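As a starting point, one isolated chain is supplied in structure tokens, in the form predicted on its own.
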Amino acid sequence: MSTFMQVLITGLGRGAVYALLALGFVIIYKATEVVNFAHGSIALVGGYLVFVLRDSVGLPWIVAALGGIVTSAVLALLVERLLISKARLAHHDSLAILTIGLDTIFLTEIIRRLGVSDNPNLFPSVKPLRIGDVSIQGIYLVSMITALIIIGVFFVVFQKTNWGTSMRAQAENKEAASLMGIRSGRVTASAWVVGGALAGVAILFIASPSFAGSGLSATSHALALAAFPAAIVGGLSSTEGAIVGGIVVGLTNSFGEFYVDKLFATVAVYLVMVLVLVFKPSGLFGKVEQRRV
């Protein structure tokens, strides 16, 4: 029983991080209808800045971490302002392919810069917590608390502020929202900033040996991309679905890794995504768009 609880808590801890990443995917998609495949590499760039600011510049970890989060947010904003917003007439599929190209460029550059470094660990060591027979790795406890706070704040802002109202209105009908005076450009830009910042937070946990078995590396990028199945499972149009999808992916990964092996755990995440798409193509919480013929 204690082993089951440990695997369960590990899955919830990983799921909390995937939920943050999936939420970023969904926010950007709701604002622009673009699937941002560069999400993982934007996180990686933020993680690299944490490494540079901490190990090369010598800043305290918390300052370096904030610098990395801001870097991811600014990079996402630059992608939206300099590329996505300039291609307004382009089809959403073309913009998604554009982000695939950016992902390759960012990933290759960061891996080149890391070179032969020993995959830097971005998260400080946290002592495990023991409750009865159950030993909880500290990083998973911190990831759950962090995700709960950030997601809680996000939903309050999303439901109670003018920004949240504008975001929801634009997601429902962009043209109608524009006619009501909502500035589409500002809403879209802010969505990319929030999505980038969430990726910057997530990479702090992902690039740690406790989470990924190594520090910042190409593996971190692959793990960040596992948030894409999480967003699909929950439904790309649903912020609540992103949270549920993240937890589903985290638990699938954790139980698959413990009861079978690491390779199966990776595959199992995508198997779950395929099954959901077969039986509920819009995702568990996604809405089917109705079109008049």
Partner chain sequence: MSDTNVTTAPATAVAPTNDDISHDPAVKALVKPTVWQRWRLTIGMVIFAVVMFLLPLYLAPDDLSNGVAVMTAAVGGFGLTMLLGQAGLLSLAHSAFMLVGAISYTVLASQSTYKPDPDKGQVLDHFGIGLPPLIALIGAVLIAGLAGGLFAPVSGRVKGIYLGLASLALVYIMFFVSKKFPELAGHASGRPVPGFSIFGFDVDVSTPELFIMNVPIGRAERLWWLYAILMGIAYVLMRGAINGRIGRAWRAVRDNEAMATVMGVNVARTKMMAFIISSAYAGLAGVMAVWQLQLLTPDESAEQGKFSLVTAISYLALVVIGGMGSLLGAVLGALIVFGMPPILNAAMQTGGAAATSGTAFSPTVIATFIYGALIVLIIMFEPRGFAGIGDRILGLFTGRGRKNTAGLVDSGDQPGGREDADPTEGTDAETKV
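Source: prediction; values computed, not measured. Numbering follows the first chain given and starts at 1.
Not on display, but discussed next: the form predicted together with its partner chain.
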Check your understanding: Using 4.5 Å between non-hydrogen atoms, is Asp93 touching its partner chain in the model of the complex?
Key -> yes
Review point. Are any of the heavy atoms in Thr108 no more than 4.5 Å from a heavy atom of its partner chain in the model of the complex?
Key: yes
Check your understanding: Is Gly235 a contact residue for its partner chain in the model of the complex, using a 4.5 Å heavy atom cut-off?
Key -> yes
Exercise for review: Tell me, yes or no, whether Thr104 is in contact with its partner chain in the model of the complex, where a contact means a heavy atom of each within 4.5 Å.
Suggested key: yes
Review point. Tell me which of 155 to 163, 194 to 202, 142 to 150, 95 to 103 has residues with heavy atoms within 4.5 angstroms of its partner chain in the model of the complex?
Key: 95 to 103
Exercise for review: Only one of Lys127, Arg183, Arg130, Lys86 comes within 4.5 Å of its partner chain in the model of the complex by heavy atoms, so just point that one out.
Suggested key: Lys86
Check your understanding: Even though the chain is shown alone, can you say which residues of 239 to 276 have a heavy atom within 4.5 Å of its partner chain in the model of the complex?
Key -> Asp261, Leu263, Phe264, Thr266, Val267, Tyr270, Leu271, Met273, Val274
